[in-house]
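Take a look at this one chain, the form predicted alone, written out in structure tokens.
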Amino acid sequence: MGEKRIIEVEGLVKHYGEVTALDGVSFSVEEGEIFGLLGPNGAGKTTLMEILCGLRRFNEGKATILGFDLVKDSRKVRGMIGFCPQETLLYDLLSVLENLAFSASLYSLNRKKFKERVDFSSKVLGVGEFLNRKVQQLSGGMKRRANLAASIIHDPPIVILDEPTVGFDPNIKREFWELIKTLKNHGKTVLLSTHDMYEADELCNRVAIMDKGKIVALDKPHVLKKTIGGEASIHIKVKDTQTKKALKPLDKYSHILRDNEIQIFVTNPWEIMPEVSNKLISQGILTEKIEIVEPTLEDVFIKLTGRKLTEE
């Protein structure tokens, strides 16, 4: 990851009538990193991305892409970005290759460059196996890959992905994660929005947590989890009939009870865990599960906002 700032946003404000979608958003993205915007629906992520792509105007603030002003140099900026929205912006009755050709025509790619980009998409994004099939014949995962290929047919240095894996099953989601990592390995700077904490943790070099149009925290995922998410805790699951009995030997620890699962908060869970296990065994209590759980980005969001990421 380089130290060159490729995207810079300062005090961005966007109003929709009386609703403030963005409220003084500021951040920068370094060249070669995967930068995540993590937050629930309505946090302002999509609005921010559409502004950076030149699809929406903003009311206040400033943004530059590779040093070019988003407003004054809008034509230059658009050529530097590949935007892949949630919706598939492909023509169903055309083949994937025909869709790629249409996208390439928007950027006046010559025949040689177009062939190079199709070869790249075939090998790196895996669209080669269905290049000549109509979009309407493709699975959801294939469509998403073809959509990404069309979005970056002009070989932009910056790739912006809006909720790239929403609706995917876990296996296809992980496949798409690998595609995003591959883009980074090919020198792309990636800005992605997500409400999936695991996705942000898996992919992002840094994460900006958004809520109600503001960035409430920004750092590397492991730093956010350590400084805001809290300490690791011990999770114990016992049979319903043994819950009350299990609480007695654990009274000296700070804990909370949810159904038949006990969560113990200690500063050194790895050292305390054998003691906790022995106490339960000595009382004849059988555990269905006993494990140490590290804080997550969901914990960070809850600490900052008092709400869960998945709440509407």
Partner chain sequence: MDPIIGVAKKDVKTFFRERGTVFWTIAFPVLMLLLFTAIFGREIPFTANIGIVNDDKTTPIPIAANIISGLNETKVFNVKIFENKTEALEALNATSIRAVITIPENFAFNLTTGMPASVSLVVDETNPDTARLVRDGIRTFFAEFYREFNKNYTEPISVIEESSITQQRIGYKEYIVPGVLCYPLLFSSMVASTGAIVYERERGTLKKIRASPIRPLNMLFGKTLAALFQTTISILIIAVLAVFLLGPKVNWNIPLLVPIVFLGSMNGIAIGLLISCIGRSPQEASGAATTIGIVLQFFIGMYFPLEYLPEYLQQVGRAIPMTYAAQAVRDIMIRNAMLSDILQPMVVLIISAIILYAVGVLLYKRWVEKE
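Because the structure is a prediction, the values reported are computed rather than measured. Positions refer to the first chain, counted from 1.
Note that the form predicted together with its partner chain isn't included here; everything after this is about it.
**Student:** Which single stretch, out of 30-38, 276-284, 259-267, 48-56, brings residue heavy atoms within 4.5 Å of its partner chain in the predicted bound form?
**Tutor:** The contacting stretch is 48-56.
**Student:** Please pick, from Ala208, Leu203, Ala150, Val127, the one residue with any non-hydrogen atom lying within 4.5 angstroms of its partner chain in the predicted bound form.
**Tutor:** Going through each option in turn, the one that passes is Ala150.
**Student:** Name the residue from Leu106, Val223, Val166, Val71 that puts a heavy atom within 4.5 Å of its partner chain in the predicted bound form.
**Tutor:** The residue from Leu106, Val223, Val166, Val71 that makes the contact is Leu106.
**Student:** Taking 4.5 angstroms as the cut-off for heavy atoms, does Arg78 touch its partner chain in the predicted bound form?
**Tutor:** Arg78 belongs to the contact set for its partner chain.
**Student:** In the predicted bound form, does Asp92 come within 4.5 Å of its partner chain, counting heavy atoms only?
**Tutor:** Yes, Asp92 sits close enough to its partner chain in the predicted bound form that at least one of its heavy atoms falls within 4.5 Å.
**Student:** With a 4.5 Å heavy atom cut-off, would you call Phe120 a contact of its partner chain in the predicted bound form?
**Tutor:** Looking in the predicted bound form, residue contacts with its partner chain do not include Phe120, since no heavy atom lies within 4.5 Å.
**Student:** Is there a non-hydrogen atom of Phe83 within 4.5 angstroms of a non-hydrogen atom of its partner chain in the predicted bound form?
**Tutor:** Close contact exists here: in the predicted bound form, Phe83 approaches its partner chain to within 4.5 Å, heavy atoms only.
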